[in-house]
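Take a look at this one chain, the form predicted alone, written out in structure tokens.
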Amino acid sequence: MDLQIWVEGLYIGSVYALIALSMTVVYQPTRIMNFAQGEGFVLGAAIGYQTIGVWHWPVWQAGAALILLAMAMGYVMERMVMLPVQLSGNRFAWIIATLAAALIFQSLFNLPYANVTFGYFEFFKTRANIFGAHIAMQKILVFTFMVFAAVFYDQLLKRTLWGRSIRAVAHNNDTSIILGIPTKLVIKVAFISGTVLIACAGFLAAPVIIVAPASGLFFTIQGFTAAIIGGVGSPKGAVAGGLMIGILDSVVRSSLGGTWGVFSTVMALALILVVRPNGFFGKRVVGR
């Protein structure tokens, strides 16, 4: 089989892994899978398109705008999701809240960009030759960012006081409050940092992947699938799941066509749920 297919699979898999990782960042302290997470990916792509592609800002200036707007979106999203959960007292209110947030942000993106695809120039226009497979340096940048983000978050959880706070809140929210851990701040930071992470992914990936204003839910589903296959709540699982479905989708698409690529990932998810319900790296947790 052509090596190019595997290389492309690794790239698209790294995009899905970043989405799954950002969902993991939110899931750790909240036990909530944010179905509006893909809208952060669209936000990053839209900011890159508008600032670099239309206004021709320098990259550092566009990056600063990206961070600020992503932080604002993360804060708003946390309020849109956590307030209904806290006020309703229903443990499943987050499902409706996150889906509602996704639809609201999708509608906001459609207002100015209804007929736009968020593509702009690549930061690195050169191509690398890897054993005969040609790959854009922009794609290598996305893959490198994914590896760095996964390693950084994994080490943050294991080696820092803030990481211990996240794990404590994930284990028991009430006990964490008694111990003096600022649980509300931990949750806010999780939403904000998760949104910044996925917005950066959209900013970097948009030049070499198709991103439309209404594509947020698609990316959410792919990230969710990767998280389930790898193991919900595991940074390693997010990476493994993303790369697996990326490669599987690329291989099947090249052999059988585009529709079969989507079908193959759904079937892989169904098989994993039967054989390993907690995914490859996941652990059984008790929901709140």
Partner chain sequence: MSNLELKNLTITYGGAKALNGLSIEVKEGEFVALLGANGAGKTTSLRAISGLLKPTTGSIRFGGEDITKLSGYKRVALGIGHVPEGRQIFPDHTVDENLQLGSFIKRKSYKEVSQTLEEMFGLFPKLRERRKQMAGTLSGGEAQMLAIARSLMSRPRILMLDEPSLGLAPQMVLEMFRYLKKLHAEQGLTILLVEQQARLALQLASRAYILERGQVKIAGLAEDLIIDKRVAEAYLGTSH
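Owing to the predicted nature of the structure, the values given are computational and were not obtained by experimental measurement. Residue numbers count along the first chain shown, from 1.
Missing here is the form predicted together with its partner chain; even so, the following discussion is about that form.
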{"query": "Interface stretch in the predicted bound form with its partner chain - options 194-202, 67-75, 141-149, 174-182, non-hydrogen atom within 4.5 Å", "finding": "174-182"}
{"query": "Residue contact check: residue 168 to its partner chain in the predicted bound form, 4.5 Å heavy atom", "finding": "yes"}
{"query": "Interface membership of residue 162, its partner chain in the predicted bound form, 4.5 Å heavy atom rule", "finding": "yes"}
